[in-house]
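The data below hold one chain only, encoded as structure tokens and taken in the form predicted alone.
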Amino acid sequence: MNQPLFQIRQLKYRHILFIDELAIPQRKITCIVGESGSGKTTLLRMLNHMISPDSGDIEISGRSVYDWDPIELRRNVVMLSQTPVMFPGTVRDNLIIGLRFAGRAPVTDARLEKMLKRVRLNKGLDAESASLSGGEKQRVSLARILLLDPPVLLLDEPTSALDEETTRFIMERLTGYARQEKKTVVMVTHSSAVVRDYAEYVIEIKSGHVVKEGERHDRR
């Protein structure tokens, strides 16, 4: 592995995580797998300091997470939660609010519509967010973070509310975009198909411990 993006050492968090050492590569699609309750989402949330370990450290690009300004960190390492965060208003409002929070310039409707196509959402920008299904909300949330174009994307079960065809479409677009733009994607998933078809690096967690990690050489 080249210089890792995330380097974890002697990390402990409550009774949930116990990681002696873990390196997560940069510019790859990494999938974190394991049974429910194993600590996958907790680990993901630590990677952009949404929560802090009780002991140990996480280095990001060679800097301790404690040395990063939280706002700077979360602009570079953006997380998509499993439960979509939606705001009152329209689809347009929900797309542009991420840019506003990040202090970024507004974009055109044409740009927003292009992003909706990328996540296969056939809704108008003026559609009310309250009228969306769970899967549609998930795609709006994904489109919102893609608009930010961050170097690192943390995705917690990004396709859990999607059917198989839509999952494949979005994963093809997402991983193609990440590889073309040299992004780092760290994704928690229960989908064996997603791991099989798209993971370049896999980390398996069991009862808070890393039991297996490494590159996948059999990916299609």
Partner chain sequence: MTGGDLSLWQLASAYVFILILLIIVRVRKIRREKEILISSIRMTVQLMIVGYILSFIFNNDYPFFTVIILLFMLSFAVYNVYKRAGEPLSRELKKRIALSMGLGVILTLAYFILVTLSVSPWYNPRYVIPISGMIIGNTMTGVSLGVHTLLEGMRAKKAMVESALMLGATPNEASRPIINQAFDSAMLPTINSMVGMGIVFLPGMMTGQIIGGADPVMAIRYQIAVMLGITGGTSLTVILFVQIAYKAFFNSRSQLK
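Since the structure is predicted, the reported quantities are computational estimates derived from the model, not experimental observations. Positions refer to the first chain, counted from 1.
A second form of this protein, the form predicted together with the partner chain, is not displayed here; the remarks below concern that form.
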Worksheet item: Can any non-hydrogen atom of Arg100 be found within 4.5 angstroms of the partner chain in the predicted bound form?
Response: yes
Worksheet item: Looking in the predicted bound form, any heavy atom of Trp68 within 4.5 Å of the partner chain?
Response: yes
Worksheet item: Does any heavy atom of Ala130 come within 4.5 Å of a heavy atom of the partner chain in the predicted bound form?
Response: no
Worksheet item: Would Gly124 count as a contact of the partner chain in the predicted bound form, using a 4.5 angstroms cut-off between non-hydrogen atoms?
Response: no
Fill in: Answer option from Thr184, Thr189, Asn48, Ser38, heavy atom within 4.5 Å of the partner chain in the predicted bound form
Asn48
Fill in: Options 157-165, 189-197, 49-57, 174-182; stretch whose heavy atom lies within 4.5 Å of the partner chain in the predicted bound form
49-57
Discussion item. Given a 4.5 Å distance limit between heavy atoms, list every residue of 81-95 close to the partner chain in the predicted bound form, or none if there are none.
Written reply: Ser81, Val85, Met86, Phe87, Pro88
